[in-house]
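For this one, two forms of the same chain are given in structure tokens, first as structure 1 and then as structure 2.
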Structure 1
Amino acid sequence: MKKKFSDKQIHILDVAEKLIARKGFEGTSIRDISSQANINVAMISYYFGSKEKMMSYLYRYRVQKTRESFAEFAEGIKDSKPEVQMKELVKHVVSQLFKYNYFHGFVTQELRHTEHLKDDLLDFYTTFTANIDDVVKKGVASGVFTYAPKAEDLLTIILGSSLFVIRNKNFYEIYLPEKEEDYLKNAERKMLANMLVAVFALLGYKTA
């Protein structure tokens, strides 16, 4: 069930997200958030209870916004060729994972005891999987794809590879060609290029 947020909550969450993205969760204080949001510190407790609980709200808010933006994105590519749709789907999920990379450590902890986060994620993953499945079937029917790997397996490969790269900087940066750039930006570019090759190989994509 979609959770409704008040305008004030959304304002605070938007501010908190920008600060946490820049400074990290530990480096962002309640005072930082309240000052930037132009509210009293007590308002954080009133609306969310604590900074930790606010993160739970923030994650749920972000998942809802991501689902909404994905619906628009999927609508925009639905008339494209299967190979174009697949490329865009892979690019979309990878870019979202890297863009909101600061959530991943929190989510790993929070999922252990927060049922509604599991439900929100499950809904998003199944929606995304259904889109991948539809594209695979269209590609096979049109002869563009030779094989029809399971959509849930493709999504698992994409998610798993992205999260491994995000969480293992010390390892992956050894293999990045441009060390002076921002790690996540450089890593995303390398990982996405290789992921597209892998996915299309699994599909047996036939180039013209």
Structure 2
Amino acid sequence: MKKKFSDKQIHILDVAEKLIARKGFEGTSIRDISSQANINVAMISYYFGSKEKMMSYLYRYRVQKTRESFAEFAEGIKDSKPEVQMKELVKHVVSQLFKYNYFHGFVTQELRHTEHLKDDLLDFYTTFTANIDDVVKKGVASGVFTYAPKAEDLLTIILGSSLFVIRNKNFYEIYLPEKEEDYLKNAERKMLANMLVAVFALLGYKTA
């Protein structure tokens, strides 16, 4: 959290993130990263200690960014009505997932490289579910929501479904209107609609 990265380090992390998300951690060599980032092979060990440690920093870096982004978002909707808040929340989460799909693609893998990062990530998840819970409770209290599903269940559906769609192009593109265009863009649209319907159905949202 406190660790500040230099521009070069951030550049390396950016490059590494994309490559790792595409080819996997083991499938990405530090030579791939260093040549793509136009730096010396030794730099990664030099800057981060090792490839594994670089992975840790990468997690931390992106988790931190995600938290900041979410905090800012939460601030922006704090005065809205619960149903609006929920809608925006779903939209925000889905759009972030699709935007940083390469990152989230490997966050969900077993966190074996990241003993101490786990806390950071779980901390974030906790903040996240707490926030959802608040919105749900407010909605139920105000009568716009009928049911109060658990935040972790809602989150599981949103995150799981989005990641599934991101990763399973072969399957999901069959059901998209125009296959030739950018897959992720089309997929996100259909995905978001699905999620909104599902979440509001689970909340028993009274439209009228």
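The shown structure was predicted, so the numbers you read here are calculated from the model rather than taken from an experiment. For numbering, take structure 1's sequence and count from 1. Think of the rigid core as the biggest set of C-alphas that the two forms share within 1.5 Å after superposition.
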**Prompt:** Here are two forms of the same chain; which is the form predicted on its own?
**Reply:** 1
**Complete:** Picking from Lys65, Thr127, Glu88, Phe25, the place where the chain hinges between its rigid parts between the two structures is Lys65
**Whole-degree angle by which the smaller rigid part turns once the larger is superposed between the two structures** = 29
**Asked** With the two forms matched on the core, what distance in Å separates the two CA positions of Glu52 between the two structures?
**Response** 6.7
**Core-aligned CA shift between the two structures for Ser29 (Å)** = 9.0
